[in-house]
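Next up is one chain by itself, shown in structure tokens, the form predicted on its own.
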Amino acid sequence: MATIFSRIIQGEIPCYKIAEDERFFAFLDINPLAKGHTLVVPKKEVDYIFQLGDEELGQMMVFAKKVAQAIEKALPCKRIGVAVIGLEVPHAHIHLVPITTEGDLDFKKPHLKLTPEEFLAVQDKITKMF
């Protein structure tokens, strides 16, 4: 059975896409810690990020770096926090979160509730930075 991320990649579930290439896909997290919180996933279904081969893991990080640089240009922050948790969806993914303090990357804190218009505005700002 396809994961929710595979269904997003295939267009079965709508998303706010940030970037895509032949191997990877990036889209806004719909339950974000901060505006611009983006998920980077391989198009190939793999449950756990460290199950990826070395070359593919490296390529995923290079793709994530490009996405992180666009987020950093588009939104006010000191850094882009990176988290790999991988428990909530059985599909490898990297969280890229604009942060100003270490506490901004706390997944226990309340998440933002953005309107579709706010998501579209964030998506537009980030995609213009590529």
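In this text, residue numbers run from 1 along the sequence as written. Keep in mind the model is a prediction, meaning the values are calculated, not measured.
FYI, the form predicted in complex with a small molecule isn't displayed, but the following is about it.
Not displayed here, the small molecule is approached by H95 to within 4.5 Å at the level of heavy atoms in the predicted complex.
The small molecule in the predicted complex comes within 4.5 Å of no heavy atom belonging to V62. Put simply, L39 is close to the small molecule in the predicted complex: some heavy atom of it is within 4.5 Å. The closest non-hydrogen atom of L52 lies beyond 4.5 Å of the small molecule in the predicted complex. Note on the interface: of 23-31, 96-104, 66-74, 52-60, the segment with non-hydrogen atoms within 4.5 angstroms of the small molecule in the predicted complex is 23-31.
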